[in-house]
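As a starting point, one isolated chain is supplied in structure tokens, in the form predicted on its own.
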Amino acid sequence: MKKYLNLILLLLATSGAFGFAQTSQPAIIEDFKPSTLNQPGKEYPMVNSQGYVRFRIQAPLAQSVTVSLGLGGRGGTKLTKAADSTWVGTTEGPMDEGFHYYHLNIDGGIFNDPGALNFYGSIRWESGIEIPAHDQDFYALKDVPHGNVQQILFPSKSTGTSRRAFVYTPPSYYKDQNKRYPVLYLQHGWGEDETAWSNQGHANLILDNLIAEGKIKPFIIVMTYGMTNEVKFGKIREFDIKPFQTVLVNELIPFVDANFQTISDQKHRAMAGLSMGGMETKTITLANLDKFAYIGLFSGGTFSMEDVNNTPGFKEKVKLTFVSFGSRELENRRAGFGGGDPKVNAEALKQANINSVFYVSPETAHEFLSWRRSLREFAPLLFKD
């Protein structure tokens, strides 16, 4: 499993959490509007039509204020104290489209922006900002039938406690108690938790829109904490997946099948994950092919012919392997990917008559727009039978 952990470390190191959309910057257009992720009634932070972000922070006694968003000298966006004792500043360049975490550094202390909503990432609640994407329609809140995202608590004998998961049920779920649905187990990345795919990823809205457009058959999504944050970032190589595998396979899946209208067989069950959640997905599914037929790795590894040949029953049991990356992840790699080139691997699997799909999200890095798009591409491929 170490080679998969090394892959995750490589991706985090090379992709850049806050990439600029371009290197030569145009003149800034003064059409800034409050971010869609601002606290109610808060004007700042603001985003313009080019993707620049402008901040205004009230910290009259501070000596320095820097925003982690942006690469101003690799220290972030440095703010300047204005005449009214507020701190103001604009990112040096436009940001990549989509969602970004950020925080403030005020005189050496880390704080969240009081103007922005908070999202769990980097093993803490971080401020969040959304740069409008040109293709954001697929995860937009629309006037279509909506599914339900509910919190559940399930017993876990292996950990000696009750654990939490969030379950998305499609709009038709409560209309027919006799109808049963396939299930996708969807994992977050390192530093995040079971709230990420709903809050940052808009997984429920993506599914609602795909269902409304007739592009997918309705299915259930289950999102739970992958126990990835119980080791510090520098110690990720020491992560032991066995406790989480026990929780997922032996405790959560039986609970979901007993309490929801699921089709509880292998060919109607999928697993996918982003970044370290992709590593978890690959490790768990290959060890439990009797449980999962569809597998998705979003910026979290690749499937090689070595994986196929070393996993008995792979060709017979796996109905789909889906691997995706942001284009900037592929452009910025320094030492290749663990397990080989993902595009070459995907083609090799195709040649071996395995249903293998490789997707690249344009102009994105190791970030949620890559993974939102990946879910949009992955979902229509599931449960075709």
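Start at 1 and count along the sequence shown; that's the residue number. What you are looking at is a predicted structure, and each value in this text was computed from that prediction instead of being measured.
Here the subject shifts to the form predicted in complex with another copy of the chain, a form of this protein not shown in this document.
- For the chain shown alone, Ala27 is not a contact residue for another copy of the chain in the model of the complex, no non-hydrogen atom being within 4.5 angstroms.
- Another copy of the chain in the model of the complex comes within 4.5 Å of no heavy atom belonging to Val308.
- For the chain shown alone, Lys291 is not a contact residue for another copy of the chain in the model of the complex, no non-hydrogen atom being within 4.5 angstroms.
- Another copy of the chain in the model of the complex comes within 4.5 Å of a heavy atom belonging to Lys142.
- Heavy atoms within 4.5 Å of another copy of the chain in the model of the complex belong, among the stretches 297 to 305, 212 to 220, 94 to 102, 134 to 142, to residues of 134 to 142.
- With the partner removed from view, the residue among Thr159, Thr80, Asn250, Asn148 that has a non-hydrogen atom within 4.5 Å of another copy of the chain in the model of the complex turns out to be Asn148.
- Comment: another copy of the chain is not present in this chain, but in the model of the complex one of Val67, Ile57, Leu349, Val53 has a heavy atom within 4.5 Å of it, namely Ile57.
- For the three residues Pro114, Arg124 and Leu205, a heavy atom within 4.5 Å of another copy of the chain turns up in the model of the complex in every case.
- Taking another copy of the chain as positioned in the model of the complex, the residues of 28 to 52 that bring a heavy atom within 4.5 Å of it are, in sequence order, Gln39, Pro40, Gly41.
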